[in-house]
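Next up: just one chain, as structure tokens, the form predicted alone.
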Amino acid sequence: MLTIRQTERRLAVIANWGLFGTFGLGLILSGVNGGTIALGLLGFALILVGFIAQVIINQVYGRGFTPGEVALGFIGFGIAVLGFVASWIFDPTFGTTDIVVGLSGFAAIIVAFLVYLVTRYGLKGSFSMFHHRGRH
């Protein structure tokens, strides 16, 4: 059974991603469909703001990311990258603007993730986290 504090955290996370995730995804799609780099990059910026907001929410409630949140994040990122690469390969109308928006946004998300790992666990701790998991 969830405590009130856990329920508050879940509501804060859902409200956070309901706002920043929805508008971010909408702006990315508008930027790609309309050929506007600024709109697409603004969408990725909103996704990053949502990520930073969740880090702040986690800090306020004294928790880290739950395993379900981590899994959802990796699955969502993987599906987005796969869709981007498939569109690049198979869609003849996929233009330079779409490539710039996609590569810039995905690079920004990867950099933000690495910065989070290094600031949260340290450089050695981040490397050791993956190193130990790979050995078992």
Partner chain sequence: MSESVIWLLACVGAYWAYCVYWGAASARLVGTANDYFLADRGISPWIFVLAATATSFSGWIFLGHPAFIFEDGFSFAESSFAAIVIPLTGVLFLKRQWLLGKRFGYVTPGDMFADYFGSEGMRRLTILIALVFSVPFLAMQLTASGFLIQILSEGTVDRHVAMWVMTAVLFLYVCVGGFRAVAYVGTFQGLLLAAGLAAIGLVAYGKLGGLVPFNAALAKLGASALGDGGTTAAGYNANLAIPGVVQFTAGLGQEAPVGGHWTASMILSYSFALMGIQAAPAFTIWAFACRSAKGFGIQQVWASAAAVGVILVFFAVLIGMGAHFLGASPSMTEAGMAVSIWLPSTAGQDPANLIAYYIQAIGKNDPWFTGLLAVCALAAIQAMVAFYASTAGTILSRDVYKRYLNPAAGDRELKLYGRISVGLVLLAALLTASYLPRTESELGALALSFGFQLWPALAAVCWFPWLTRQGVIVGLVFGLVAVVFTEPFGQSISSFVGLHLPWGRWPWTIHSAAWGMFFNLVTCLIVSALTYGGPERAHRARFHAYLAEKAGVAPERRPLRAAAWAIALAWIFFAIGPGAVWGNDLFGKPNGGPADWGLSLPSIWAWQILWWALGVLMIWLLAYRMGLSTVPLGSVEFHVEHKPAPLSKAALASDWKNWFWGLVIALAALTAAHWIFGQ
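On a predicted model such as this, the values are computed, not experimentally measured, just so you know. Residue numbers count along the first chain shown, from 1.
FYI, the form predicted together with the partner chain isn't displayed, but the following is about it.
Asks: Does T119 reach the partner chain in the predicted bound form if we count a contact as any heavy atom within 4.5 Å?
Replies: Contact with the partner chain, no.
Asks: Applying a 4.5 Å heavy atom distance criterion, does G62 contact the partner chain in the predicted bound form?
Replies: So G62 does not count as contacting the partner chain.
Asks: Check whether F113 has any heavy atom within 4.5 Å of a heavy atom of the partner chain in the predicted bound form, and answer yes or no.
Replies: Because no heavy atom of F113 falls inside 4.5 Å of the partner chain in the predicted bound form, the answer is no.
Asks: Please check if L123 has a heavy atom lying within 4.5 Å of any heavy atom of the partner chain in the predicted bound form.
Replies: Flag for L123 set to no.
Asks: Please name which of the stretches 66 to 74, 29 to 37, 48 to 56, 86 to 94 has residues with heavy atoms lying within 4.5 Å of the partner chain in the predicted bound form.
Replies: The contacting stretch is 29 to 37.
Asks: Quick one: which residues from 1 to 29 get a non-hydrogen atom within 4.5 Å of the partner chain in the predicted bound form?
Replies: Contacting residues: M1, L2, I4, T7, E8, R10, L11, A12, I14, A15, G18, L19, T22, F23, G26, L27, L29.
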